[in-house]
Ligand SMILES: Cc1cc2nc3c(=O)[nH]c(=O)nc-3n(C[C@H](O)[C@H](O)[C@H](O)COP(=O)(O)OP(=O)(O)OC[C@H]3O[C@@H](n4cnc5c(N)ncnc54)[C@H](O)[C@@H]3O)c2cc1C
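Shown next as structure tokens: one chain only, the form predicted on its own.
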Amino acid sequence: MSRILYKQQFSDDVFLMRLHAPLIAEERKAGQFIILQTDDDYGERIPLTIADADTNEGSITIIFQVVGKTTKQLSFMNAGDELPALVGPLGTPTHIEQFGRVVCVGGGIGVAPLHPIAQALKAAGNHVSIIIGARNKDLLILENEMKSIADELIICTDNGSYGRKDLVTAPLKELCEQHPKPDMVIAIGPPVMMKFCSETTRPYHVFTQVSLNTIMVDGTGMCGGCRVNVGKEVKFVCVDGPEFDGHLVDFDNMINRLNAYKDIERHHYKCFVKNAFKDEEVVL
């Protein structure tokens, strides 16, 4: 059991929670994640990256977007409620050292897992440029937290409602064209965004690390649901990752696997919402 200590809503579908998990808070490192469950018996297990931790409070922070039944259930829970299962920290921590000039690129909810990584890179003495993007101003998260870390912060929105009207790949390309060019790029966000960030840096031969969020069940490499093709090898995101060389990831295969259960996920989401709001008219 893990108790929800605090809940904050950023937008219609994006929420922050602090969860009581003292052992995870002590052990977690940048880049690691947890798996949680909202139902006692046969509930879905979902991976969420640890966005922050407070060892004094004994808490970890997660930030999530409602995309399906389980995240919708989680969004209905409040401070004081208990999660029946919480496992972590899982995954291989981010390798942190003084690389030199590092560019951190976050798209949408991907800014949350990027935060502890950028924080650790800055603490290690790197020059850190941060690019964060979202569809519009309302969907931007952790701007102030990133501003406090970054040597340079660039904000992009698709519709131009805040910052630059650009995709994150535009300022990334500009930074790669500078002299000296970045020593490393870390990109976290939707799979398509990470794919095109990797393609943007490829001609400049800038090592680009991406953090993958695939379908997971057990988080120990046994189910095989999270497998991805990296170069000529099959890797399991939960134990070999979640971070990989973006120039080697087969993003098209990964995206196809992520879409494999979309119809089933959509069906269960609609059933849950209709049942939750059975006395109200809901448009899905």
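Note that the coordinates shown come from a computational prediction; the quantities given were computed from them, not determined experimentally. So that there is no doubt, residue numbering starts at 1 and follows the sequence shown.
One more form of this protein, predicted in complex with the ligand, exists but is not displayed; see below.
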Discussion item. Just to confirm the contact call: exactly one of 176-184, 106-114, 127-135, 198-206 touches the ligand in the predicted bound form at a 4.5 Å heavy atom cutoff, so which is it?
Written reply: 106-114
Discussion item. Just to be sure I understand the contacts: of A53, I63, V230, A30, which is the one whose heavy atoms reach within 4.5 angstroms of the ligand in the predicted bound form?
Written reply: I63
Worksheet item: Though the ligand is not shown, can you say which of T92, T214, S75, S161 has a heavy atom within 4.5 Å of it in the predicted bound form?
Response: T214
Worksheet item: Can Q119 be called a contact residue for the ligand in the predicted bound form at 4.5 Å between heavy atoms?
Response: no
Worksheet entry | G58: touches the ligand in the predicted bound form, heavy atom cutoff 4.5 angstroms | no
Worksheet item: Within a 4.5 Å heavy atom cut-off, is V249 in contact with the ligand in the predicted bound form?
Response: no
Fill in: Contact flag, N259 vs the ligand in the predicted bound form, heavy atom cut 4.5 Å
yes
Worksheet item: Using a 4.5 Å cut-off on heavy atoms, which residues of 10-47 contact the ligand in the predicted bound form?
Response: F33, E44, I46, P47
